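So this first bit is one chain, no partners, the form predicted alone, shown in structure tokens.
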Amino acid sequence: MKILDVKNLNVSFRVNGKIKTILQDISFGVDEQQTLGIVGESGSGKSVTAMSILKLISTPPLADMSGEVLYQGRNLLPLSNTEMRELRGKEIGFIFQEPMTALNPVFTIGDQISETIMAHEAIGKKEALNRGIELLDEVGIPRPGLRMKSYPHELSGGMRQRALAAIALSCNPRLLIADEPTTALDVTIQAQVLELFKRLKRERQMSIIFITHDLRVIAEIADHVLVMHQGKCVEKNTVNTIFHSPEHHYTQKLLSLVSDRRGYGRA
């Protein structure tokens, strides 16, 4: 059963007084407890697709958005800002691309987690802070009580990414969207973060949209893959088929950059 069904999503921006098409007829679905990997080069439209789902693109540059974004059968595009604020975080969590800009530098990690929880649930500050400690522990941050009092600049890149995950998971969303969450991390920390996402998916029984330009990451985490190029979806299939029987020449080109594909993909 699909938790998310995007149908013919079109997005255009106003650039230097002219209308430019950014996304053209994007369609895909995400099943319950499935991880969809969205892959493509920089500028392919991956992040715009993710932000369009939650209507996070400001006007300007947004000129027009059309199509349908069905979350559990409800079209999100006609919803008001108030209705979307109620849904963001509580139903659909979002992890932004760059932790240092996504986290507020003047507030502690604890303040940012507790604020998110209290925005969606009728609980007090103390209970929200206690839950924040539990969340930091769940995502693998050592000494979570101490780290609740830390500011973003006092954490390593890997810990900042884990803190963002804790904030995104704070209201137990059914769908998590992660936009390039491993890009700025070294290989060892990247592997740890990928294992974290796989564990959280399994334990929380949630669905994930995982965006990256790295097919090796897709191979590790995705069940199905959406390949994007110049604002269009050029190929959709299981991760196993994408790696071993790609149809589109652009997908084949991306795969040619992966030096050794043996063992990638899962049946």
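In this text, all values refer to a predicted model and were calculated from it rather than measured experimentally. Counting begins at 1, following the sequence as shown.
Omitted here: the form predicted together with a small molecule. The next part is about that form.
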Go through 196-204, 66-74, 219-227, 44-52 and give me the stretch that gets within 4.5 Å of the small molecule in the predicted bound form, heavy atoms only. 44-52
Each of K7, S27 and F96 near the small molecule in the predicted bound form, meaning some heavy atom within 4.5 Å? no
Close approach of I22 to the small molecule in the predicted bound form, 4.5 Å, heavy atom: yes
Taking heavy atoms and a 4.5 Å cut-off, does E91 contact the small molecule in the predicted bound form? no
Going by a heavy atom distance of 4.5 Å, is V15 a contact of the small molecule in the predicted bound form? yes
